[in-house]
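A lone chain, given as structure tokens: the form predicted on its own.
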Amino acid sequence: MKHYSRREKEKAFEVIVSQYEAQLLRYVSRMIFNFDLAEDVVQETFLKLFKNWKDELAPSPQILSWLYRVAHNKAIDMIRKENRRINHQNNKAEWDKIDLEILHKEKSGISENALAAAEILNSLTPDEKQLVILKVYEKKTYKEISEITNLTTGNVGFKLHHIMKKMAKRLNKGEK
């Protein structure tokens, strides 16, 4: 393990941020449907990396998996925090309506089926949502998803199969 000077660590960190920031922002934005909050989550994720990473600080699959795990956990914390805040003022149905209104405004021009699929995705549990986003939107392999989620590769495949079947069934029935 190399010992970094503060400046060397900062330079290595800048390389990692430039390499992974966009994909983490895309991933977290899809989880929480709020770009400003997603930026906060990603910033906190990178701060945690800078403070806590002890191994070589260079782009690698290990760092990327770690970043996805931390970003996911921070996004879930942000969702819970926002839900508590919103639920204090409104009920859960109102929060879902706000999420979907934001989605419709940001995604205007996409098909009704795509909007319906996004609404179904939004209704999944956070763990289900994570798997779908990683596979469908982020185009991660089962192995990469396994490393990010700490699930076995077989379990990733099994869960994704059942989640996608559930989503397809709801989409065919016209549910949201």
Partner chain sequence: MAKLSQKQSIIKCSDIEPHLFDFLQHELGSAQTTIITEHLKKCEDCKKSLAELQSSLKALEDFGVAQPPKHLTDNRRKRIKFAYMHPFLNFCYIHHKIISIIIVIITLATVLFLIKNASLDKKRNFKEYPVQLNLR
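Numbering follows the first chain given and starts at 1. Nothing here was measured: the structure is a model prediction, and the numbers come from that model.
What comes next is about the form predicted in complex with the partner chain, which is not displayed.
- The partner chain is not shown here, but in the predicted bound form it comes within 4.5 Å of a heavy atom of Asn113.
- Among heavy atoms of Gln43, some come within 4.5 Å of the partner chain in the predicted bound form.
- Looking at Glu39, you'd find a heavy atom of it within 4.5 angstroms of the partner chain in the predicted bound form.
- Using a 4.5 angstroms limit between non-hydrogen atoms, Lys129 is distant from the partner chain in the predicted bound form.
- Site residues Phe50, Val136 and His161 are all in contact with the partner chain in the predicted bound form, judged by any heavy atom within 4.5 Å.
- Counting a residue when any of its non-hydrogen atoms is within 4.5 Å of the partner chain in the predicted bound form, the hits in 17-44 run Val17, Ser18, Glu21, Ala22, Leu25, Arg26, Ser29, Arg30, Phe33, Phe35, Asp36, Glu39, Asp40, Val42, Gln43.
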